[in-house]
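Next up is one chain by itself, shown in structure tokens, the form predicted on its own.
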């Protein structure tokens, strides 16, 4: 496991209780050197991807985890109204970015080619890319999961060569926000397949594969106990700070 990561993806939401209410007492600094060192070590695998408008406030409140962007532009600058560049999110303190989330694909017509462009920008700018892939319910029911994932991976990762960390988030589209999930064995096997395929088509030294899709307090530990599941990308369950912290602590117990 090269870069284990448990990410809170707030999407276009403010968490319950607001940002200050989301932060739990365990996440707050006591302004002591020993406490800072301990918490920096404890929270080094926790990532939070809020709306960009809340990055500064969150950075000031929570000093130990990793901040991330929910997306970046495939362009570096220029007349691209509404886009947010990699340099802009870096300036806000982001060290990772989610790319190619199914909601971006559905509502903004993002393609695998677009995701590949963003991946290359992340690697160039030293942002850890969290590349989302996943199949529809129709594909899942037809037994085409691996076929669909292979196509996505080959179109996104073709000719990529890097020694930098790459994170892939397997998010079956039909599981996101539905309360339904594949079995833990299915996910574990799919994650191994993803790693094998990427290693066969690209030169990447450090690959982690995390799972997303209706991960919650009840099922998180069962996923984390699997050999090939390196973390999680969590949506709805991340909007409650206590719930997300409980999930993160479950991850640490199985790490």
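Just so you know, these numbers come straight off a predicted model, no measurement behind them. Numbering follows the first chain given and starts at 1.
Beyond the structure shown, there is the form predicted together with a small molecule, which is absent from this document and is the topic of what follows.
- Residue in contact with the small molecule in the predicted bound form (any heavy atom within 4.5 Å), chosen from 166, 149, 176, 89: 176.
- In the predicted bound form, the small molecule lies farther than 4.5 Å from every heavy atom of residue 49.
- Residue contact check for residue 135: none of its heavy atoms lie within 4.5 Å of the small molecule in the predicted bound form.
- With a 4.5 Å cutoff on heavy atoms, residue 15 does not count as touching the small molecule in the predicted bound form; it lies far away.
- Using a 4.5 angstroms limit between non-hydrogen atoms, residue 241 is distant from the small molecule in the predicted bound form.
- From the list 98 to 106, 135 to 143, 121 to 129, 150 to 158, the contact stretch for the small molecule in the predicted bound form under a 4.5 Å heavy atom rule is 98 to 106.
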